[in-house]
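Shown below, as structure tokens, is a lone chain in the form predicted on its own; questions about how it binds or moves come after it.
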């Protein structure tokens, strides 16, 4: 089953990787004009994460008695064409989001297709305008590990101005360890999608065999 899922996903992304888009130099990424078939949930989910640069990150607020707190944040899942599907963030504890995560890691990231520009005249809530919520734990990356270096490259490539943000604000790298995926990309309710299916849908392997 896993092999079939991966092959289907790789094939879908292979078709999409005939780049019909243009280079978005401001974001350091390639925009794909077409999105995957709505029947391919894994490819659609990975496409949404790789093509977006920001979303709404929700944490459990310590200042609001445990109420959910949503915040617009920038993120990246990797270098252009080398995304891993795992969102990374550059956050400061001067902002509630990072402070909340350090006390309670439970978090969710919501991303819409609408900012990509491929929803046409559809309203953002229209099910045909895809959206995804990744729920899990927002974890601080510490030390000088390879993952920290990956996060730095991924974020600073996609968001170049981050590198010049004030050092005195103590920005740090975080990642979302995904535990659940909620995806709407068509009518009929959320698409069933496991973490393994999502992570195994790797368009890098498609690019490697082009």
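As the structure is a computational prediction, the values presented were derived from the model and not from experiment. Residue numbers count along the first chain shown, from 1.
Note that the form predicted in complex with another copy of the chain isn't included here; everything after this is about it.
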*Taking the shortest heavy atom distance, is residue 143 within 4.5 Å of another copy of the chain in the predicted bound form?*
no
*With the cut-off set at 4.5 Å between non-hydrogen atoms, does residue 58 touch another copy of the chain in the predicted bound form?*
yes
*Determine whether any heavy atom of residue 152 comes within 4.5 Å of a heavy atom of another copy of the chain in the predicted bound form, and answer yes or no.*
no
_Is it the case that residue 73, even though its partner is missing from this view, gets within 4.5 Å of another copy of the chain in the predicted bound form, heavy atoms only?_
yes
*Residues in 150-165 close to another copy of the chain in the predicted bound form, defined by a heavy atom within 4.5 Å, in order*: 159, 161, 162, 165
